[in-house]
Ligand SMILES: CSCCC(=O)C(=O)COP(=O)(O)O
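First, one chain by itself in structure tokens, the form predicted on its own.
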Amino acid sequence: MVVLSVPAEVTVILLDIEGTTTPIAFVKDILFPYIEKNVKEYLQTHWEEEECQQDVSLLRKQAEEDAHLDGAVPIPAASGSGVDDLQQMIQAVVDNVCWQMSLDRKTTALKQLQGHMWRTAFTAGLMKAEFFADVVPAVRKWREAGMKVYVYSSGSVEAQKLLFGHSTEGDILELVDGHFDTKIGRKVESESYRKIADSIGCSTNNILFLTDVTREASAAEEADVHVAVVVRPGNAGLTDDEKTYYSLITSFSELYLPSST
């Protein structure tokens, strides 16, 4: 078995979700299709609620910023109160959401609505999050060794908490010390990792970031964060250069923590 020694100065492990702790297939085959299939019904059911209205106005604002993009879908402002008018507007939101998802966009507006929809599904017991078998035992071991464990994902903090709170392993939220999403910055920008370190109250070189995406790994490295690239079934392939350059692991059990004495 490959063993990757964790540098002695590391006190924090920062985890990506999709393709690192959770199979990409779960996200692509279960989470995302649920949104596309149910977004219209969700909007019709919850339209009058304040939370839903906040989601829609955030999406509308994003649509205005996206107006110059090819194929962008505008969301009209509410004009009349007619049923036809409402249905047109709901359809515009549905089309906008599906357009953003087809481009795999990570906008805060999209992630917020998705998070609220998943909350409805998870709390109703319609789905449970799947984690790779090595994840939970490894995280428990790290915490016993005195490590702090944080999550950084493009999915909203709320969506992250749903995954950890409603998993096939039960509620494992207590295993995570804190959550970060794109509100702190994009995962491909090194500044985001500096902000995370500030927020945790440690130095960037006290952090080991585990991700399957080399662009994120490279941004984290630029900020002086330690990085290991996680190779899982279904993840995008790596180039020969990437395989040579990055420390690779195929399971969290391959990380060796130096004894904390």
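Start at 1 and count along the sequence shown; that's the residue number. Keep in mind it's a predicted model, so treat the numbers as computed, not measured.
Keep in mind that the form predicted together with this ligand is not shown, yet the notes after this line are about it.
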Spell it out for me: taking this ligand in the predicted bound form, does every residue among 14, 139 and 166 have a heavy atom no farther than 4.5 Å from it?
no
Pick from 75, 97, 159, 117: which residue has any heavy atom within 4.5 angstroms of this ligand in the predicted bound form?
159
Which pick from 43, 31, 219, 229 sits with a heavy atom within 4.5 Å of this ligand in the predicted bound form?
31
Partner proximity in the predicted bound form: residue 106 to this ligand, non-hydrogen atom cutoff 4.5 Å:
yes
4.5 angstroms heavy atom contact with this ligand in the predicted bound form for residue 112:
no
According to a 4.5 angstroms non-hydrogen atom cut-off, is residue 202 in contact with this ligand in the predicted bound form?
no
Quick check on residue 27: any heavy atom within 4.5 Å of this ligand in the predicted bound form?
yes
Specify the contacting stretch among 67-75, 87-95, 169-177, 151-159, defined as having any heavy atom within 4.5 Å of this ligand in the predicted bound form.
151-159
Using a 4.5 Å cut-off on heavy atoms, what residues in 177-205 are near this ligand in the predicted bound form?
187
